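The data below hold one chain only, encoded as structure tokens and taken in the form predicted on its own.
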Amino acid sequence: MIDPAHAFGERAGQAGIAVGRVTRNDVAIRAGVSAATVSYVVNNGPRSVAPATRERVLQAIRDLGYTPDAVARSLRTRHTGLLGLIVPDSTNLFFAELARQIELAAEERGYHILLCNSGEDTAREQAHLEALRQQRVDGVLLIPSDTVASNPKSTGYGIPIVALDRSPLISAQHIVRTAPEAGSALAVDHLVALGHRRIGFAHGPLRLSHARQRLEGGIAALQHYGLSPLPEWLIECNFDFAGGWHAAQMLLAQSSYPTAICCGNDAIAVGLLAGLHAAGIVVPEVFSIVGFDDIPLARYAIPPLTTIAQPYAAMAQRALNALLVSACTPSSEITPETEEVLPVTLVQRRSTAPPSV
């Protein structure tokens, strides 16, 4: 078996190169060009290099296993090719799918993503922002912690920041989100069109603003039809599968039932389906269930989940575009914070049907 290090040592010795860390000068000697020419090839500029010369340099790079020093290059170009992404919880399937779409969009543009979890904690969020600034990232995509603050927004961290899904507590160049109230209204419209009049809500924790907004949007839509839920049909739970399971137990313990449930997110809806199934309740024959987010799991639930779809790819593309524009804009020319609200859509699957009674 050939030892790569030994093989390189032989090649380097033949080329008159000292064995050790391969440098730009080593590549230049191997290719028979200046060190500046090697830099022009590696950095694609600023000067052009003849095709034959470029190929000689690239071959020398391959032969010697040269890796450019990204830190040194970033100091020269003020560009690292790194972007930060801060999410409240990477195990949440909505954030996981949004992060995946962001990573795909970033790779298409030659960027790499550094992922951080804030845990819905503003102190951790601020610590991650500071760490990313020290890593010299070119910008940060931030899904902010959902915390209401009485203080004015802080001024940021000297790096471009674009927020997704929620409004941040710090100044951002741009916000890309959807309207939670509009999504809940779509869910209610769908259920009313099917004939439901007794509609309840398994909503997220009311300490979170987006949980309140989704609930308020659904109740307002019901009131538009002259309807209102009974207080016991408003079930608060965590935004996860266990929260949905808990909601099923709370629902089945009541003396009167709604015929349909709007869930604060798909994780709640899937947990609710599991809890009802364990109790022998058939969906949608007894209850119709609507989720929110359209996570990939929604189509594989039993039955497949009717839900409000968030435009993951569009959110990722719009946010990334805004961030890269901000990264290339002199600070003196950056405009005040702007906001872009993208539409959501209803995806009808088999968890909803007309009421049986």
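Computed from a predicted model, the values in this text were never measured in an experiment. Quick note: we count residues from 1 along the sequence shown, nothing fancier.
The same protein also has a form predicted in complex with ligand RIB, omitted here; what follows describes it.
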{"query": "Contact flag, residue 257 vs ligand RIB in the predicted complex, heavy atom cut 4.5 Å", "finding": "no"}
{"query": "Residue 201 within 4.5 Å of ligand RIB in the predicted complex, heavy atoms", "finding": "no"}
{"query": "4.5 Å heavy atom contact, residue 165 to ligand RIB in the predicted complex", "finding": "yes"}
{"query": "is_contact(residue 210, ligand RIB) in the predicted complex, heavy atom dist at most 4.5 Å", "finding": "yes"}
{"query": "Stretch in contact in the predicted complex with ligand RIB, which is absent here, among 91 to 99, 130 to 138, 221 to 229, 275 to 283 (heavy atoms within 4.5 Å)", "finding": "91 to 99"}
{"query": "Contacting member of 216, 120, 189, 107, with respect to ligand RIB in the predicted complex [4.5 Å, heavy atom]", "finding": "120"}
{"query": "Residues within stretch 221 to 244 having a non-hydrogen atom within 4.5 Å of ligand RIB in the predicted complex", "finding": "239"}
